[in-house]
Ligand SMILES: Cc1cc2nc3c(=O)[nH]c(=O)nc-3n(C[C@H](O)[C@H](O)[C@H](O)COP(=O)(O)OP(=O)(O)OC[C@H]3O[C@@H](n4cnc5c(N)ncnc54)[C@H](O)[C@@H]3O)c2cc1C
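Only one chain comes next, encoded as structure tokens, the form predicted on its own.
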């Protein structure tokens, strides 16, 4: 068995650590934020401060793919989340009224999951990590750099552990970067004279305005979780312990949206959206929380089949991250951790092979989610910009438009769409299934469903009051 250091104690880092510890490895998680997770859900939300996670109090969700991964890799974690107050969600409970076929299908339980606010879900996962006999979580420890070991591949540096901010050296057979969107690992690798990996980075161009509510029962969902409404989009998410959130977002360059920082303006805009207005029917527990400056970033540590480093891998947002509107970050991160566990099982003794195996699995099973999100974001922001300028929006992707149109009427097309939205399947795999082309063809030419709400002029009036 190996000694493994995981840099970063967020949800993905802790899940990766738990999976590897379950296989008998001795795992140490180093988390720079010093505060211990509170013991109750209320304390987690009210008092836990994670200054190293800018989006800690922003909306998060645990999609069905997260539940699928942890039920297989970490049995019992879903039940612990439920015991912590996380809410159960079943997207099939909100089938469009235009679908006449309401009969259940085998495997419908794959769409059920539990979710909650980020501080609460992370506190639950942290409690599970603290109880594991082969996993140690050290909080208040910042990783400052990597230790060099004997190379296993000619000309490729090998990582043999980490150096902390206090100068302590922690040796390891494998170092896992799970430090999230702000990962400093590019600097760590540069200090080892590792050749640059493949890197992409650009601003997503969105700004988010969110408000949390509480009430005796969760709002009934009568529209999609992520809904485009003219030149803005809305996100409605269930939370833990009788809470939920509403988010309005749009392009950062849309200056009038800054008025959404005012609770009165925020509520006025949401109230004008018929399928989301009832999500205001609760007691607000926050003002309007704003977030911008989100980067789309991707890094690959194997170039032309040759690792740029061995003994070191990156998972989740430390590997790639996008605009968070689809709520995929934790689910994709858990899938990535699952792939790492599989690669370690087969290739731990060969650092070069481990790097290649993990890279190949990542490119095959995880990178398509990143690429798909980028494509969707670019299309949506182009549509928002056109509507803001009074131009005709560019035509939608014809294949996605056909799936959206079919999903309004066809129960199986709706399930297929849900699979792509919740990261249970990639769009290409869904569309290649027998009979799917015929289902889409039956609704060819029909416009994709729209979400009622204010047009641009009406939105500007609402923002101006």
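Residue numbers count along the first chain shown, from 1. No experiment lies behind these values; they were computed from the predicted model shown.
Keep in mind that the form predicted in complex with this ligand is not shown, yet the notes after this line are about it.
In summary, the region of this chain contacting this ligand in the predicted bound form, judged by heavy atoms within 4.5 Å and restricted to 366-374, 253-261, 181-189, 91-99, corresponds to 181-189. The shortest heavy atom separation between residue 61 and this ligand in the predicted bound form is within 4.5 Å. For the chain shown alone, residue 311 is not a contact residue for this ligand in the predicted bound form, no non-hydrogen atom being within 4.5 angstroms. Using a 4.5 angstroms limit between non-hydrogen atoms, residue 229 is distant from this ligand in the predicted bound form. A residue is said to contact a partner when one of its heavy atoms sits within 4.5 Å of a partner heavy atom; residue 33 meets this definition for this ligand in the predicted bound form. When this ligand is considered in the predicted bound form, only one residue from 248, 330, 175, 114 comes within 4.5 Å through any heavy atom, namely 330. Checked against this ligand in the predicted bound form, the candidates 158, 211, 380, 118 yield a single residue with a heavy atom inside 4.5 Å, and that residue is 118. Along 36-54, a non-hydrogen atom within 4.5 Å of this ligand in the predicted bound form is carried by 50, 52, 53, in order along the sequence.
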